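Given next, in structure tokens, is a single chain: the form predicted on its own.
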Amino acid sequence: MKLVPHWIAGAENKGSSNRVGDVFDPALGQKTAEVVLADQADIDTAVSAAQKAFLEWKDVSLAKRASIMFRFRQLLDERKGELAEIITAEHGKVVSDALGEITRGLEVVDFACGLPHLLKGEYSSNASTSIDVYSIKQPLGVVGIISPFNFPAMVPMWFFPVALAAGNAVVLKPSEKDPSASLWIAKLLQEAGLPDGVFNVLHGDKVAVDGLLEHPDVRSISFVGSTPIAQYIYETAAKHGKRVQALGGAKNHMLVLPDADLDLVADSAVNAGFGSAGERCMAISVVVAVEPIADELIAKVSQRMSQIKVGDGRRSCDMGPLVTQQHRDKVAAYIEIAEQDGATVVVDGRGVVADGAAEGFWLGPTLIDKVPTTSKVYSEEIFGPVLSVVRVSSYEEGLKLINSGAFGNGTAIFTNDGGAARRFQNEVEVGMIGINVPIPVPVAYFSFGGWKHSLFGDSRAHGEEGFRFFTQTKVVTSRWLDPSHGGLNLGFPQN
């Protein structure tokens, strides 16, 4: 059985623990590998390697750091097909979707290549007589990244290119469900010229997570995952004196006004609801239809759903399986809850016939109408291919519904009324907003993050906020005396 090892100090490392986790091919329903699970000794080894490498990496010139990032970007672009196949084999998303996530991650690498500009300080000459004041941005040290299963390449790339560019050393703890992508990335960074120990991969479960949260030499934690875990990450890491970026869960609504182009809406709802089998924190999971358009919209969405081919992501399919059997069963259970709560299951994905092995973790696209807002199907993050429809009578009712939710990650409005769209962007209490755009993930030079229970911590991901998060600022007040120095003056300088 293939064993997925750690990557520490520039080499594969099987660690000292005897514990392993199972890695599956979701389309086959078969165990294909085991991944080592770290113990405290492995955690200490990884952090120690990063700390040692940091002492030299922090003094590497900006020009040299930039050249390594450019080389990594080139290699990744040339070989992204290899990485996409690894992602599909362990996560299950179709290859085209895997390539899409790598492309979005590459945007952050592109942004990080501009590090000489982004790490500039400020300078004020003669702030007081013969006194200059200037600021210096310096790295934090060893930083921890804890990433989820749904984007094994893109989410780590939201953080580590910026962290490395800023001069930090990284310990990445990827999801144990699909760990091989991170190992492949580590080897590519080494090939690009990154010194050994500057980027480390530590596989594990809660033991590894808690070890990074509590380790005294880890200066910051970046996390993406469900809200309960994000809150735990934030509180635990903050208690141990660390900076924290903790991006939590979501329940993203699409508000559809009566004047919207319903063909565009239907296409967008299907694409945003069922891409990556709905395992996206930015997936549209609730369509809020302002009457009288719901029936017509549901008919259009249903027609498009009938064209979706579910199957092995390495074949000519539109949507792959869910990541594990347990997760598949959990998502399917929400469909039963919807029926019990009086909703109408328009399209039921539980009986899907997939183009893949019968043992795969299959659940087809599901559409549920008239979902009560009191139902768990409405209020909880399902993280699967389940699209709910809630009918409202007005824009105001729809807005109130969105704003009353616990999450504030992403939302969208579909309308041809510019005034309504402008009003929505000002009034909705959500961090990322799309106007006739269903998945408003910001480009890399802006920052990613929501409001309310969708974000805990000090800053959002990537963009300039990312560079601020991974640096600390020194302000220097300097005076060089000239021969005209007039002796002692114990008074506070006045000019």
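Just count from 1 along the sequence shown to find any residue number. All values derive from a computational prediction rather than experimental measurement.
A second form of this protein, the form predicted in complex with ligand NAD, is not displayed here; the remarks below concern that form.
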| query | finding |
| --- | --- |
| The unique member of Ala277, Ile146, Ala412, Ala153 whose heavy atoms fall within 4.5 Å of ligand NAD in the predicted complex | Ile146 |
| Sole residue of Cys281, Ala166, Ala272, Met157 within 4.5 Å of ligand NAD in the predicted complex, by heavy atom | Cys281 |
| Contact check for Ile229, Tyr232 and Glu381 against ligand NAD in the predicted complex, heavy atom at 4.5 Å | yes |
| 4.5 Å heavy atom contact, Ser268 and ligand NAD in the predicted complex | no |
| Ligand NAD contact in the predicted complex: Ser175, any heavy atom under 4.5 Å | yes |
| Exercise: Ala250 in contact with ligand NAD in the predicted complex, heavy atom 4.5 Å | yes |
| Residue contact check: Gly204 to ligand NAD in the predicted complex, 4.5 Å heavy atom | yes |
| Residue stretch of 285-293, 107-115, 367-375, 204-212 approaching ligand NAD in the predicted complex, non-hydrogen atom distance within 4.5 Å | 204-212 |
| Sequence-ordered list of residues in 446-467 near ligand NAD in the predicted complex, where near means a heavy atom within 4.5 Å | Phe448, Ser454 |
